[in-house]
Structures are given as C-alpha cells and as structure tokens.
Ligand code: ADE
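Below you will find one chain, with nothing else, as structure tokens; this is the form predicted on its own, and questions on how it binds or moves follow later.
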C-alpha cells in the first residue's frame, strides 16, 4: 500500500520492510552468500521489470551481490511499494524507476529506459520488457544474452513469439518451474488473493458463492483457499482436462454465463482477455464483487462495465469502485470492482508471503547464473528451468525448514536402474 510518509521516514520504513521479508527468505540468503564470493554476474547490466515489493528487493540484492549492475522498473503500476522503491537506491545502491499509481506513459517510459541502457540480462513479469525490446529496440534485444520470465501470462506471450519465429533471445520460463508454479502460484496466489479481497471489502467468505475463473495452478490455489474459508466454490474453465480435474477435486464446474447469476465474489486467474464480459455483468446479482488475480488488467472487461453503468463509478473505499447498473426490471443493482481490475493481491494487499517467494526468486537468481554459464550456446527459444536447479532449491528449502528426507540405498538405486529386475 502507498505510504503517507516521505523522505527519510519513507526510506527507513522500506528498509525495515525489506529486512522483515528477508527473515523468511533463507534460500535466497544462502544463494546471495555464495554469489557474493563467486560473482557470477560480474560487470553485467541487468534490467528487471518486476513487482516492486520487499521480496523483489531481496532478489535484486542477491543479483547485486553476484556483481550485476541492476535497474528495477515496475511490472504493474498498482503493485509498487513506494517505501521499498525509496529504500533500494538509498540503502542498497540499486536503481529504481517506479511509483505506485504511475500512468501508462510513465510506466512505458521506465521500460524504455531499462532497455536504453542495453542490458545483457533481463527479468520480466508479464513480458512487457521483452515485447517492448522486440518492437522498439531490436538492436538492444540482440544484445541480451538471456531473459527470465516469472508469470504464466508472460510465458504464454513468449511461447507465441517463439512459435511465430519472432523471438530473438533465449528466455527461461521460470514460471513453469515446479519450485515456482507448485508453490508460488498455488499457495502464494491462493492466500494473497483472498487477503486482497478481504482487506478491500471486509467480506465474509464463509457461506458466499465464490467463482474462480481458470483452474491452472493459481486457480487451484485460490479455489482451495476459498473453500477452506467456507465458500461454496464454482470453477469456470475452457480446458476440458482442467475442468475435469476441478470436478474430481470436488468443485462445481459451469460456464461463466451460468456462474454469473450465482456468484457473490468473482475472481479471474486465466491470463486471457474479457473473461468476465458484458453479458456476465448483466446477469450478476446486486452487490457482486469482481476482481482479477491474473497479470494484466484485461481479464475483466472494465470498459464494458463502465458503459453499462449509470454515470461515473464511485470510489466507495480504498480499492473498491462501485458501478450502478439497471437490473433489467427497472431497479438498480451495484457491482463492485476491486483494484481497477488489476492484480488484487498486490493492489489491495502486499502480494505473496516472503517464504513462498523465497523459492521463486531463488530459482530466478539461479536461472540468471545458468544463462551466463551457457552464453553462446542458447538459441532464441523458451527454455525450461534445468532440473538440477529445481532440485537444489527444493533441497535448500527443506533444510531451512528443518525437514529431512530419505536417501536411496545402493540396492534401491540398482533396482531402479535395472530394467531386467523382476517384481
């Protein structure tokens, strides 16, 4: 959330927030300690377009320890924590160009500045940096040895670019790593999205009908957490396998056209456009709450909602905008949009817990090191995170939690390796 503080007090608050997050990021701390000794990114300009949060700050400190010259710009105008943005340059010497609520022109001017410095490595959360590089800075794009992509939405865009032969640089799909999507997407998004909804509205989740659009890892986590708080959860899907999985997990699955008339709270987590659209708004009940936890603010058709509304929407409380519509019978109904349709977990709350971002950002940092080690050997395509990185991060996380696991005996290893061994 935006702080009321300014100057030195704002910076001090940001430093405190960064240090508090670091407490729950032991894997990243261990990697930072090694990076500080080995300097695997020494002298390399690195531009990152990520959410400007305390957790991200600790990733950037790790990359700085590795020797990189780091610049951070925001990947979402409403996710920036201004105190963190103030503390990073003054307390840690890391350049930041971001301000909560910045307009579209400022947002893209910062992205362009991040590219104009000709980075050798980039990190993205939604692929805005890389797509802008390809459209406006083709020479800069060719100088990038590799990029890391943190979100489902961004990976979808980049795989589409690769399929069309438009991708000019190697990209590591950090989002698709098990240490990211199994934990960050499922547990982080599930908890932080509900946190944002409850902070913004004060709504009682128990007993409500909660509609989750999309049953990928984020949707699974959100549906699981909403049910855990007592909601009657409905899932909408376009993928038959994911829909079948949702049914087998015990959720009711219906088309959005049907769910629209049933839900009290709606949240999109699909990565697609206009998932909640004109006819859905018309069918909704009075008092319906609508929000999005997918990366871009296109999943809810906010423009259509504005056209349907009588007069201008009203800000009834922080991050809650009221739209008054006709219900078709001459009466009025109200629909409440959270966080302007942007990521509700960052617009109305503080994003994922640091302990889950510890794994995602550890994987991100190690992927950057891997790209540098592979320099000259990678083609312009989308790569999965190497299995050895996944194993290393999981092992460190378990150790930090005080969890021990079994080790295969030589006999067990021989058995698994020998196809001639009978049952």
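It should be emphasised that the depicted structure is a prediction, and the values quoted were computed from it without experimental measurement. Positions refer to the first chain, counted from 1.
The same protein also has a form predicted together with the ligand, omitted here; what follows describes it.
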| item | value |
| --- | --- |
| Of 371, 357, 70, 31, the one that lies within 4.5 Å of the ligand in the model of the complex (heavy atoms) | 357 |
| Answer option from 146, 351, 119, 221, heavy atom within 4.5 Å of the ligand in the model of the complex | 351 |
| Option from 342 to 350, 97 to 105, 211 to 219, 252 to 260 whose residues, in the model of the complex, bring a heavy atom within 4.5 Å of the ligand | 342 to 350 |
| In the model of the complex, residue 47 touching the ligand (heavy atom, 4.5 Å) | no |
| The ligand contact in the model of the complex: residue 61, any heavy atom under 4.5 Å | no |
| is_contact(residue 363, the ligand) in the model of the complex, heavy atom dist at most 4.5 Å | no |
| Neighbours of the ligand in the model of the complex among 45 to 71 [non-hydrogen atom within 4.5 angstroms] | 51, 53, 55, 56 |
